[in-house]
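Quick heads-up: it's one chain on its own, the form predicted on its own, in structure tokens.
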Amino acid sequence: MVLPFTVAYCDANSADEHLADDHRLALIRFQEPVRVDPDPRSCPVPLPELGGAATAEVWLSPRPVQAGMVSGVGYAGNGDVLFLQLRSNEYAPDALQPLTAIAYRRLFAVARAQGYPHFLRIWNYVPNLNQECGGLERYLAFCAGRRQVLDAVLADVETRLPAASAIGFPASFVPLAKEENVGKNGLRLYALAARESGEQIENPRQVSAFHYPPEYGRRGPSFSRAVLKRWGNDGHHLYISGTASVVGHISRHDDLMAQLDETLVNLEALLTVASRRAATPLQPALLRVYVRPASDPAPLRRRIVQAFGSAVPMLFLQADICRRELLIEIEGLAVSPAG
């Protein structure tokens, strides 16, 4: 079977060349400020890129895709996978939990209506992620809203969780009068769903996020460390969740480079478990690196190259991370040799 889509980074200035391509499943733009694009396949992410470059991420399908918009959810499908995205406005910082629940209900409803009920990966971008409101950190409010819906829509929820990340960006909560501006200040999600499920992968070095102790929230983080999806007999995708310097359930190290080293060990552990399940070696095909301080990406890149080689495309973005003490988080896509 031909893989249902491939992913690559490209120069953002040339990304518009893909706009008219009916094989384009998704175009993820990293830019600040955000430019709203009515195309349901175009998803802006309000994070600045480190190092002065301007990069976009393109998902390409081997066959034409069908795109549309339903209930504010943009989607594009090719018969095997469905890309979805949703942007919502947020008028007050204490509205995040119900807003998240509404967004997730809409996301799952549209995916099921289109015939793709199994979520493989969800990306969550949350304004002011680490800000407290009413004594509750907004990340924990987001987690509570998400888990409320996952408990309702997923049978055996703790064995069916998609891979995920929750990344923060700064925003000011002011009402936006014009409809075309909706989503500039609020929660934004994009996701990948399929007709058949993938296999949940956990990291033996870490407590599963959904089993974290109560200090991480009464309804804590609900995601798998990765999801392995087999495409036909030989092709595999491994969708890797946001991975950081966490051992057990405890954050480790205060130094950026030490956190990076621990994160790389966690990534290696995930790849080892997934390769064993796939019965074939899996190698990173693309990495996205979120860094809290405005750092020079060059030493980070050199260290990652030592671990995974120079052929892996990498993107470095400045962002807030789910725990205040964490300085770096890495997510990505790994593939089998046939992929």
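A residue's number is simply how far along the shown sequence it sits, counting from 1. Values in this document were obtained by computation on a predicted structure and should not be read as measured data.
This protein has a second form, the form predicted together with a small molecule, left out of what is shown; the following refers to that one.
Residue in contact with the small molecule in the predicted complex (any heavy atom within 4.5 Å), chosen from V81, V246, L86, A144: V246. The listed set L189, A166, L228, V73 contains one residue whose heavy atoms approach the small molecule in the predicted complex to within 4.5 Å, identified as A166. Shown here without its partner, the chain carries Y212, P221 and L326, all of which come within 4.5 Å of the small molecule in the predicted complex through at least one heavy atom. For L315, no non-hydrogen atom is located within 4.5 Å of the small molecule in the predicted complex, even though that partner is not displayed.
Heavy atoms of F119 never reach within 4.5 Å of the small molecule in the predicted complex, leaving it off the interface.
The shortest heavy atom separation between G77 and the small molecule in the predicted complex exceeds 4.5 Å. Among residues of the shown chain, G242 is one whose heavy atoms approach the small molecule to within 4.5 Å in the predicted complex.
With the small molecule left out of view, the stretch that reaches within 4.5 Å of it through heavy atoms in the predicted complex is, among 256-264, 197-205, 158-166, 108-116, 158-166.
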